[in-house]
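First comes one chain, alone, set out as structure tokens in the form predicted on its own.
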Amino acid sequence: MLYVKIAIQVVLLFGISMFGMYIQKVSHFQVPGSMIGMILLFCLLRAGWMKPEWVREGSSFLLRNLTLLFVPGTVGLIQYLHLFEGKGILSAAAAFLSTFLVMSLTAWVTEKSLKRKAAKSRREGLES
């Protein structure tokens, strides 16, 4: 029964992603459809129209097997190695810079979020 539940939840997540791709295709946004789907999922969860329990096991399953999902992208990248010839230093610099920026921004947002949550807990007297 658990596998059926996981399969249904994964189908639901992919359906939201596909709907995001449809929105991108119809509206010609310059944002990838999968990102639109993620924003849509976030809005549905935040608005309470979708319960986290509806996608919890499916999303956990996808996260546990995330490395397998990178295989097609990596294989596709190997087919276009000629695009990186002669520009290896620039590609490496762009990868390092973007990784540094993403990690720094993630750390900053996480720290702010944790401080805000701790302050809210103190105000409500729920701090353990």
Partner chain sequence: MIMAVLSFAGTILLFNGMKKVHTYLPTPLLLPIVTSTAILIMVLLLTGTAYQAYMEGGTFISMLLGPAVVALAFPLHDQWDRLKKHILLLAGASFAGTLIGLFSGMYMAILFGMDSEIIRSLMPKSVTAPIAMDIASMIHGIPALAAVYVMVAGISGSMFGPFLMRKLFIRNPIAVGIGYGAASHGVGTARALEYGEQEGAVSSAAMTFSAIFASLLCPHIAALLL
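Residue numbers count along the first chain shown, from 1. Predicted, not measured: the structure shown is a model, and the values here were computed from it. Whichever C-alpha set is largest while still superposing within 1.5 Å between the two forms counts as the rigid core.
Although it is not shown, the form predicted in complex with its partner chain is what the next lines describe.
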Close approach of Phe14 to its partner chain in the predicted complex, 4.5 Å, heavy atom:
yes
Considering only heavy atoms, tell me if Trp49 and its partner chain come within 4.5 Å of each other in the predicted complex.
no
So in the predicted complex, is its partner chain close enough to Val10 to count as touching (4.5 Å, heavy atoms)?
yes
Tell me, yes or no, whether Thr99 is in contact with its partner chain in the predicted complex, where a contact means a heavy atom of each within 4.5 Å.
yes
For the stretch 36 to 74, which residues lie within 4.5 Å of its partner chain in the predicted complex by non-hydrogen atom distance?
Gly37, Met38, Ile39, Leu41, Phe42, Leu45, Arg46, Pro52, Val55, Arg56, Ser59, Leu62, Leu63, Asn65, Leu66, Thr67, Leu68, Leu69, Phe70, Val71, Pro72, Gly73, Thr74
Is Ile39 displaced by at least 2 Å at its C-alpha between the shown form and the other one when the rigid core is overlaid?
no
Quick one: core overlaid, is Lys51 moving 2 Å or more at the Cα between the shown form and the other one?
no
Given a superposition on the rigid core, I'd like a yes or no on whether Val109 shifts its C-alpha by 2 Å or more between the shown form and the other one.
yes
